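Read the single chain below, which is given as structure tokens and is the form predicted alone.
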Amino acid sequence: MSAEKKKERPVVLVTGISGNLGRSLTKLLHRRERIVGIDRRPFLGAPKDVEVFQIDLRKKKAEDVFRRFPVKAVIHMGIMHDPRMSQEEHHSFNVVGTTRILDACARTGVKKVVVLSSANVYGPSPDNSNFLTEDAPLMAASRFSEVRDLIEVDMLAHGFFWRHPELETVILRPVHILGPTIKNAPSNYLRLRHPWVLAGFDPMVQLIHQEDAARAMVEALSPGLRGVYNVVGPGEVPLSSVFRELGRAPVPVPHVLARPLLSLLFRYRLSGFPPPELDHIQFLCNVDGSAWVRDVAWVPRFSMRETIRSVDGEAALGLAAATPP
């Protein structure tokens, strides 16, 4: 490391910084930490004190960022979620990109690594217990092949945790993230005026506001913290109660008809929801977040009502014509 680099203020490197969750994280973190970001997408309107490199994580230029700056911590959330992308492209970007980032962390002496995973890695299933702990098997891929990359990223981070005990590695598995600018499957589904529900099923769901999810990543930077954590929001609530709060008029569909019909709609691009997503409105996938509560004294700042209502924020304006699943 050059003498000039040693004199620089250490940075927190954030991958996937240009996404909406990355923007929420940046807003919280940049006043207390020096931030450098990497993303394939531009970050329009980034704070002036945040330097963003528009780079593919798989490329050598991403590793050059580690050599250019004194990186003290990495928050890795540069994961692609696009059901229309090929499995090959997903795998290459998510798995190869994560491998490159973790290798760079090990080589350059980064002291803290935070990897954003998801509680979805456990997978909704009729066999799930009420609240899954962090040592529950990651079974989502058995029913939803598109989540295999996320599971592999989680497992890569887990292996990195054990291979490099000198580094503080934290793997976060938050529940469904909702927010006014979030455009993931749960938020998009709840913005629909007449969403499909599966007749006879009303599962309990767990939700967390995007600002709380961002705050969890900030908390994960705490010195001495390491391990795998489920991150929960203000509790759990029946799916039907979510619709009542939002004033939605769900359409009950027999589950034996829903999957083939949704498969047809998805194939012809009349729906943006892959058929396996139906598992999330049929079966349980609730997690136990007590370890996170204990270790960081976690208390969500947004209530369940505020979290649910956040989906009808500014982003909903561009989704009014979305096709129901």
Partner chain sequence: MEGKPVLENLADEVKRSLRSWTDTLAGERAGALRTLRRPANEFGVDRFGFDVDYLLAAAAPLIWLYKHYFRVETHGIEKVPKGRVLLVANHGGQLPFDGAMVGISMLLEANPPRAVRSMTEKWAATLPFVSTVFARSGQIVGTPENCRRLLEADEAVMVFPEGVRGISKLWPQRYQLQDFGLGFMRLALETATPIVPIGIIGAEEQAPALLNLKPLGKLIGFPALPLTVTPLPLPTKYRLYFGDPLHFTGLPDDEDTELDKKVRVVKSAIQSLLQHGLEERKNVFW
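This structure is a prediction, so every number in the text was calculated from the model and none was measured. Residue numbers count along the first chain shown, from 1.
The same protein also has a form predicted in complex with the partner chain, omitted here; what follows describes it.
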* Taking Asn20, Thr26 and His158 as a possible spot, do all three reach the partner chain in the predicted bound form with a heavy atom inside 4.5 Å? -> no
* Which listed residue (Leu225, Met204, Met80, Ala185) meets the criterion of a heavy atom within 4.5 Å of the partner chain in the predicted bound form? -> Met204
* State the residue from Ala106, Val96, Ala199, Ala141 whose non-hydrogen atoms include one within 4.5 Å of the partner chain in the predicted bound form. => Ala199
* To do: Spot the stretch among 165-173, 96-104, 68-76, 126-134 with residues whose non-hydrogen atoms come within 4.5 Å of the partner chain in the predicted bound form.
  => 126-134
* Partner proximity in the predicted bound form: Asp64 to the partner chain, non-hydrogen atom cutoff 4.5 Å -> no
* **Exercise: Thr181 in contact with the partner chain in the predicted bound form, heavy atom 4.5 Å** => no
* Asked: So, in the predicted bound form, is Ser92 in contact with the partner chain at a 4.5 angstroms heavy atom limit?
  -> no
* Heavy atom to heavy atom, is Val311 within 4.5 Å of the partner chain in the predicted bound form? -> no
